[in-house]
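Given as structure tokens, the chain that follows is alone and in the form predicted alone.
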Amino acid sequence: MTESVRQRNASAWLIPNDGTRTNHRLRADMHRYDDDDEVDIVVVGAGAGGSVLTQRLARAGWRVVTLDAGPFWDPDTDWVSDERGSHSLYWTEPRQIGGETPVPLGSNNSGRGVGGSMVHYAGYTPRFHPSDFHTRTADGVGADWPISYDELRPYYELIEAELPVAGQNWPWGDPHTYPQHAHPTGGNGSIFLRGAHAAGIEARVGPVAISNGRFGNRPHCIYRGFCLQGCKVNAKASPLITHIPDALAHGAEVRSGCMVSRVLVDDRTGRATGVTYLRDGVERRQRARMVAVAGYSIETPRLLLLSATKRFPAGLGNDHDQLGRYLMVQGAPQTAGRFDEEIRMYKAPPPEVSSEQFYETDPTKPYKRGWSIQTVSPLPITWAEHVVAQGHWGAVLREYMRDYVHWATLGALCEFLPRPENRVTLADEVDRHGLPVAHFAYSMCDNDKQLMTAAQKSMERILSAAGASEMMTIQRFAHLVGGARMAAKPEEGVVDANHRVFGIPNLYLTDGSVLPTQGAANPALTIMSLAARAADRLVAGARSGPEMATVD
């Protein structure tokens, strides 16, 4: 397995083997294009989707420039074992929220810099289930994808090997194994396993994109528990270390600190010609034969709306008023239980054990679709927020903080349904660049609310069976997807099955915004797998070189 991975992605071997964690020479010597150079493709965003697309196309010989609004992180100097000191990892540019149940935006659903939100995600990398691709047909809710699970399976397998993913044999959805065996569990994971067994609920260790053993020049996980703050040892996978180094080694340029302000389209031909971007307060232009946007579910619709022209007055890909609609979050309640013994849930990575027993629609229940359950292990500041949400303050809060080592915490991911009124539009407010900010309106439906209640009860059942003497729950959201969804025809979405924006033959979207449904799984692996598939189809369509690429 290792040699075949190296042949298609050598990132793990390009990290220095000298105690440092960043190949500074590779970054210093990367190819640099002039703004006036017409590259084969400019990619907007270096997160899960943009980084994989960049790496794949660079390996195919394409001239690729990737722009990211945030910094080019250095794990040696930028990651700290400090919860408060890691807030620079989050996208904190202004956005507006609204709707009946507004979704707070920040640390658990937005990323900043090369690597995107995967720099500070927990590391869970489950696959979507086959049913996720046809929920309308199977359950009468959501939408059917224009592609099937079977089309994505080989890309799931490739990306799982490249990260790599560690975990026990997986019995749910499409049963499968993982490249690396499962990690040992800490206190929180052991509580989950104990309670699940007693409650008759099936659970497994993993799947996590955290190396369980040396992988190339990446070291083994040391179980320091700061996965959400950026992995100091490079054991946890993120595009910053899993795909960007290989992209640079194959001629791609990654420009950090570049806020793309507009996708340029020639109204005469209807084709994208490049982008404008702001760097150090100066507006620049990068010419390109093709453009791929991978800014994620808020910024991708926003950018396409900002890029309106006379030919596309409502925004790019918005001839049928689909852009920005069907933006989804997952309901992510967290339930904590208090135990007499010390759990010390901070002494292991937050991702340890999970269950997908409740993932599929249960025909005996009044709601459709389902949820997954995972260990979450909040650090002290987040734990304080959990306690304060119960209304505790002052002396009571201090007592709960002193009691922190006795608590175990589980989190659910509930599949909320896509709704057209949950959408991104442009607000009257502008950001520091003078660009209208995004307004994100969100309202839960009755099905969503029923899932949240059922998920909480299932976590309480596990913790109670494990022996918890007290429990508390905080209601929250996670994982933005949708907003520019993939569809069979333009009346129903923004991009086709090949990620091409309807009506603009050389503009592609390769991030989580294209997901028609979101499942009850963390989306990173699916986003990366979709980007790998899109890259293969672009390369296959380049009959006479990248400039002739087309996907039919």
Ligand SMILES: Cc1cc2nc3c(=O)[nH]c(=O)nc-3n(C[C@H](O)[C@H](O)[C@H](O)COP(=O)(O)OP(=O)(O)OC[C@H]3O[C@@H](n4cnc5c(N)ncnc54)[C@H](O)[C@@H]3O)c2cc1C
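Because the structure is predicted, anything quoted here is derived from the model rather than measured. When you see a residue number, it is the position in the sequence shown, counting from 1.
In what follows, reference is made to the form predicted together with the ligand, a form of this protein that is not presented.
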property: Location of the ligand contact in the predicted bound form, chosen stretch of 394-402, 123-131, 452-460, 168-176 [non-hydrogen atom, 4.5 Å]; result: 123-131
property: Partner proximity in the predicted bound form: Ile527 to the ligand, non-hydrogen atom cutoff 4.5 Å; result: yes
property: Exercise: Gly116 in contact with the ligand in the predicted bound form, heavy atom 4.5 Å; result: yes
property: Gly186, heavy atom within 4.5 angstroms of the ligand in the predicted bound form; result: no
property: Partner proximity in the predicted bound form: Tyr156 to the ligand, non-hydrogen atom cutoff 4.5 Å; result: no
property: Listed residue that, although the ligand is not shown, lies within 4.5 Å of it in the predicted bound form (heavy atoms), from Val42, Ala48, Ala484, Leu57; result: Ala48
property: Contact assignment for the ligand in the predicted bound form, among Arg369, Arg325, His386, Arg112, heavy atom within 4.5 Å; result: Arg112
property: Every residue of Ser307, Gly317 and Ala534 near the ligand in the predicted bound form, heavy atom within 4.5 Å; result: no
property: Residues of 485-519 having any heavy atom within 4.5 Å of the ligand in the predicted bound form, listed in sequence order; result: Asp511, Gly512
